[in-house]
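Just one chain follows, in the form predicted alone, and it is written as structure tokens.
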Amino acid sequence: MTTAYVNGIFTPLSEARISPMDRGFLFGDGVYEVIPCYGGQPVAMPYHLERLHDSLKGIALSPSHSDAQLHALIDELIHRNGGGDLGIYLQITRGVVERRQHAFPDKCEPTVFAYTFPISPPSDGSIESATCFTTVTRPDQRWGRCHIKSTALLGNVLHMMEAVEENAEEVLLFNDHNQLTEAAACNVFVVSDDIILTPELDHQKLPGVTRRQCLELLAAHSDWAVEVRPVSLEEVLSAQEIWLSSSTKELSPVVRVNGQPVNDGKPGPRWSAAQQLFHQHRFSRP
């Protein structure tokens, strides 16, 4: 049985309780992180905690735990759930209030909730180990603060359902200028003319930890041309390769977009080599 953490108490997930007057429930007033753990060892914890602090700052919520306390919490949660390959979901909301009002309360104790869930073993970069994705394209209709890892994900959910309704697993989103933003639950890389492209960060994109790791690994261990710049719809639709990146997917190849194959419809050699870098350096960065 999965063990969860709620406000200082470890408890079976089925028995975890949070008040319906919690602002996370009432308003989606909170932030979260998903931290991968392989063989009982968390990946890129400093980067996840850095982003968590940025997200808390973005919603004007003071941290209730130090980094050392969060490390200890997560280590204990991994231990209580048997280690292995796990995703750790960590959510911090503004907390429970006496009455529902839009303005922030003067005083409120944040709610801290965490639990684990099983994740697949990571790919070693071989074609046989690849988890391939099919996608569709849509105009990005989410809100204008996507750089905050907010728990208010209804816009992402509605976009994801557009993919599901088309028998796809993800949706590639484009702004009013037909420039790639991200996917519903991932950042995106594109290989075009043998150049690896990914959109530059702004309020329309989440600063993905895996995206950051990928760029660092490519800079340190390859001589490939990499450009962080606007990526057009035309470049995506004519790409040699497309990759999704997230903490629990690492780098995953997209093989179809809008029902059409990406190149030959198989994971590409650049994806394979990049995922092999992840496999070799997963715990060394940062």
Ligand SMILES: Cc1ncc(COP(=O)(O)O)c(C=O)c1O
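Position 1 is the first residue in the sequence shown; the rest follow in order. Computed from a predicted structure; not experimentally measured.
Just so you know, the form predicted in complex with the ligand exists too; it's not on screen, but the next bit is about it.
Although the partner is absent here, residue 156 sits close enough that one of its heavy atoms falls within 4.5 Å of the ligand in the model of the complex. Although the partner is absent here, residue 252 lies well away from the ligand in the model of the complex, with no heavy atom inside 4.5 Å. In the model of the complex, at least one heavy atom of residue 210 sits within 4.5 Å of a heavy atom of the ligand. Residue contact with the ligand in the model of the complex: residue 186 places a heavy atom within 4.5 Å of it.
Out of the listed residues 206, 190, 114, 168, 206 is the one that sits within 4.5 Å of the ligand in the model of the complex by at least one heavy atom.
Segments offered: 133 to 141, 120 to 128, 175 to 183, 86 to 94. Contacting the ligand in the model of the complex at heavy atom distances within 4.5 Å is 175 to 183. Interface residues of 19 to 53, taken as those with a heavy atom within 4.5 Å of the ligand in the model of the complex (partner not displayed): 32, 48, 51, in sequence order.
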